[in-house]
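Next up: a single chain in structure tokens, the form predicted on its own.
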């Protein structure tokens, strides 16, 4: 009688176990660093927002007192939130302008590569350098913008772009748009070049006008690229610390104060790290909400890659 012998391999000697162990050896160092420098500070920040904490005193439970102060007593918070949302509102205009430039340099325009490089060159510049450049351009005494306006006879006296409560925020937003528009253009240009040319050829044969091709072919296929630009615009609106700090410092009178500069001043200027932690939590939740809304506006699955269609 033939008997079948079934060999038993311990779990730690199986190929699948060895493969998992190999992958873990590569991933664990990165995951450990990510947890140590991202997740752990985020959790500690959340705990800190519910405490009265000082480096020289023991922590005490504060409950929702920090958040109550934010929403009911902190006028600077509401001003900085309004300014941050104004930055967010400017992002669609910057994306639309970048899309127009991308369409232009994606055509048969002579010297398109040169124009592409000129537009993109603003993005690699450090935010501090951009802030210094635009602060000099806006200067009330020797700035080029005021000089050009006065030479053209459009104004009779210099405009205090960064010293005026009315002009400061729009002036800073222009500088922010100028810096990031080149990056938007590259993202959208990549999306445009990935659109299959035969779709436009078929539409042209069917007599579809160019504007209809743009609305029915170009925009739908650029949804992922537009969503990426929107997310970058939202993040930049809440993290433009360097530009604000160099150009205006949040002034005049908190006219250009953003949530990130308010958090910095509260934490390191007033040494209220517990209150700054609560502000950070509010900003984080707001960022998640705006990103979710951008995703819903883009169709709900803007980051998905559809491979089922020919």
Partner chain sequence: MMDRRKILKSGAVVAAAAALPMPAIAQSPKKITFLTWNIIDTADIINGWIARFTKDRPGVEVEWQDKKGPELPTFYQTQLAAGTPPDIINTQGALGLEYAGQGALLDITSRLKADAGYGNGFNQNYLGNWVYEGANYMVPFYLTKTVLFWNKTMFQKAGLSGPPQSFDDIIAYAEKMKSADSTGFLTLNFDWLYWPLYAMNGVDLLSTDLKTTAFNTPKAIEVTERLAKATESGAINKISWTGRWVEPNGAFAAGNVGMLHAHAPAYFYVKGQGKWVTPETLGATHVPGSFATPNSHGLGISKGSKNPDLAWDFLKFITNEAQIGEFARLRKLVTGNTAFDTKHFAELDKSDPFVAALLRTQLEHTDKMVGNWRLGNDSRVKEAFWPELQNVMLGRKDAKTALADADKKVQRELKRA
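Fair warning: this is a prediction, and the values are worked out from it, not measured in the lab. Positions refer to the first chain, counted from 1.
The form predicted together with its partner chain exists for this protein as well; it is not shown, and the discussion that follows is about that form.
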Spell out, yes or no, whether the shortest heavy atom distance between residue 273 and its partner chain in the predicted complex is within 4.5 Å. yes
Could you confirm whether residue 264 comes within 4.5 Å of its partner chain in the predicted complex, counting heavy atoms only? yes
Since only the chain is shown here, I'm wondering whether residue 135 would be in contact with its partner chain in the predicted complex (any heavy atom pair within 4.5 Å). yes
Residue 165 versus its partner chain, in the predicted complex: is there a non-hydrogen atom within 4.5 Å? yes
Would you kindly say which of 160, 100, 170, 92 lies with a heavy atom within 4.5 Å of its partner chain in the predicted complex? 160
Along 33 to 61, which positions have a non-hydrogen atom within 4.5 Å of its partner chain in the predicted complex? 53, 55, 56, 57
